[in-house]
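In structure tokens, one chain follows: the form predicted on its own.
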Amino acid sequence: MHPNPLNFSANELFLIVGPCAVESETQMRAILGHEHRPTLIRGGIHKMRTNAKSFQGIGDEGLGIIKKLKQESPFDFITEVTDVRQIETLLPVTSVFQVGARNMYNYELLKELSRYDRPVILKRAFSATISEWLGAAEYLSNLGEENIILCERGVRSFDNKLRNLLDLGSVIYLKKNTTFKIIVDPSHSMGLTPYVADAAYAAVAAGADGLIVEVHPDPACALSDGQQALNLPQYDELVKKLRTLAPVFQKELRI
């Protein structure tokens, strides 16, 4: 099995950061060259969007950017796979595959991913019950439970103030009733930058093993989801507070 960068100990809290989508080499260099340089980088090469006319990712150009940057200074890259035909092309640069909320029920994709030697982050679908989420994880069982990471990214509710309803109850339930690692995506849950950090702190208190947070050097110019991304100074503040908060819950922050 390919080494799992998320195969962390119980007392570690890991932080995955990066933009919603890889847009340019300059964008990625700004994050990789930052003072709190993350070693777990997220970024979409292919984007599955509700609106067919929305930005869909830069595809092969993005692959080239990540290949180049990894050769210069190694890091672990986490990216969403939206179609079985993308797996082989993404393999050379991808340490961990991410299955997005829309694809949680795509069992053929999950079965195909279970044939490869990469860990998978499985996001909860918009309206999935915990049982349905765990059922989807069963399709990845060939990877071994230690290589399946569940990601709570919020569910739909009747409210319209936030993008989604962050269900931290699922984190509490899963930590008490399963041995899966579970991470929280406060960016997609809240949908607006001013609320992301506080949601991240709440996730730590609920027992999350890690966080996946959108960070962009210039959110106002982001091609997707800029309204929920932290800029670099806000990312610095998040790291600073997490380093203070994590020990309260017997954790040590890993970035």
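A residue's number is simply how far along the shown sequence it sits, counting from 1. For clarity, every value in this text was computed on a predicted model and none was experimentally measured.
Just so it is clear, the following notes concern the form predicted in complex with a small molecule, a form of the same protein that is not shown.
With the partner omitted here, the residue from I183, L90, L168, A101 that has a non-hydrogen atom within 4.5 angstroms of the small molecule in the model of the complex is A101. Using a 4.5 angstroms threshold between heavy atoms, R42 counts as touching the small molecule in the model of the complex. Of the heavy atoms in I16, none are within 4.5 Å of the small molecule in the model of the complex.
For the chain shown alone, R153 is a contact residue for the small molecule in the model of the complex, at least one non-hydrogen atom being within 4.5 angstroms. Interface membership of C20, defined by any non-hydrogen atom within 4.5 Å of the small molecule in the model of the complex, is confirmed. Residues of just one listed stretch (215-223, 184-192, 198-206, 32-40) have heavy atoms within 4.5 Å of the small molecule in the model of the complex: 184-192.
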